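Shown here is one chain on its own, the form predicted on its own, set out as structure tokens.
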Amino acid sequence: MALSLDRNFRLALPALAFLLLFFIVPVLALLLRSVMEPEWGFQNYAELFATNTYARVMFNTFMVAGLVTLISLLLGYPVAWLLAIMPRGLANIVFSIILLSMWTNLLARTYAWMVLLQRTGIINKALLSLGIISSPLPLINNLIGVTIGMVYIMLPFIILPLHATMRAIDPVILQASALCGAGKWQAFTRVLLPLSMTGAIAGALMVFVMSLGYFVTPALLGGTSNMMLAEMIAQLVQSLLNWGLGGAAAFVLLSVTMLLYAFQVRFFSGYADIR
């Protein structure tokens, strides 16, 4: 037994060394800089939460992440259900389109939304030509543009776990609920929704955590009034060379992410068994 453990440890040693060198050491260095620059103490964390500008950026980050998660869940749930009940051939085609959107370069997709959402873009031109609006809508450099771009990027990450969960639900259960007199709404709220809740929460947590640290899409589609935490960290480090405050903001973001991940593992680890 001891020999087996020793052998397993030696086999895992390269992976452990990699994690130590490229993850644990940088995180510890970041933490040290957050409490040592410009002087020893927690003044960077106090400034981060006490300054209105930084507090507004943090609030905006969590608000956008929550909004994107909610909209992605509302849009992704019916798509996942349709994929689960579609004929296998058609479902594979739709599924391939969803996966293709994930494989497309993130920067290219964001620039495509910049073209679509600008005042002279296709969306505003179509709305003007249909007479729905009388002047172009401001769909970029604001919260609307950030939300649209991030929802588009995050949708596959909520559809995939939901689809896997729904495919595991036996259709006989829904048929039995109908035979027992349940209407469509009752079958949804009392049968389908509870059985798919694990996948929905797992996907929502994944989208929320990923949205917290997104940089490219908010930077290109949002304005300065809608800055998110990742963009603020980049400015603090690259432009202002304020490694202490930037490290504090990064460590707060990492801590929230790890707490949410621990919450998911603690309460929704059964999702892996469903898949």
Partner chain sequence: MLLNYNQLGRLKYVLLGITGVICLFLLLPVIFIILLSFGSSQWMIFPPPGWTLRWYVELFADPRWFEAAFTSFKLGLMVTVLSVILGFFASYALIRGRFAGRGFLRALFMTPMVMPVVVVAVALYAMFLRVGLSGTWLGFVIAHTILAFPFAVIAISNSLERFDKAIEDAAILCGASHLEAIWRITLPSIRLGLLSAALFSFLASWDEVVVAIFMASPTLQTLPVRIWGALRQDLTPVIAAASSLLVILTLVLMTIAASLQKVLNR
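Predicted model only: the values in this text are computed from it and were never measured. Under this definition, the rigid core comprises the largest set of C-alpha atoms superposing within 1.5 Å between the forms. Positions refer to the first chain, counted from 1.
A second form of this protein, the form predicted in complex with the partner chain, is not displayed here; the remarks below concern that form.
Asker: Any chance all of F18, A108 and V216 sit within 4.5 Å of the partner chain in the predicted complex, going by non-hydrogen atoms?
Answerer: All three within 4.5 Å in the predicted complex.
Asker: Just checking whether G131 would be counted as a contact of the partner chain in the predicted complex - the rule being heavy atoms within 4.5 angstroms.
Answerer: Taking the distances in the predicted complex, the answer for G131 is no, it never comes within 4.5 Å of the partner chain.
Asker: Taking the shortest heavy atom distance, is V79 within 4.5 Å of the partner chain in the predicted complex?
Answerer: It does: once the partner chain is placed as it appears in the predicted complex, V79 has a heavy atom within 4.5 Å of it.
Asker: Does the partner chain get within 4.5 angstroms of any non-hydrogen atom of F263 in the predicted complex?
Answerer: Outside the cut-off, so no.
Asker: Should L155 be classed as touching the partner chain in the predicted complex when contacts are defined as heavy atoms within 4.5 Å?
Answerer: Close contact exists here: in the predicted complex, L155 approaches the partner chain to within 4.5 Å, heavy atoms only.
Asker: Using a 4.5 Å heavy atom cut-off, which residue among L127, I201, L143, M86 comes into contact with the partner chain in the predicted complex?
Answerer: Result of the distance check: M86.
Asker: Exactly one of L70, M63, L30, A55 has a non-hydrogen atom within 4.5 Å of the partner chain in the predicted complex; which residue is it?
Answerer: Answer to the contact question: L30.
Asker: Which residues from 232-265 come close to the partner chain in the predicted complex, meaning a heavy atom within 4.5 Å?
Answerer: The stretch touches the partner through I233, A234, V237, Q238, W243, A250, L253, L254, T257, M258, Y261.
Asker: After a core superposition, would you say S225 shifts its C-alpha by at least 2 Å between this form and the one not shown?
Answerer: S225: C-alpha displaced by 2 Å or more between this form and the one not shown.
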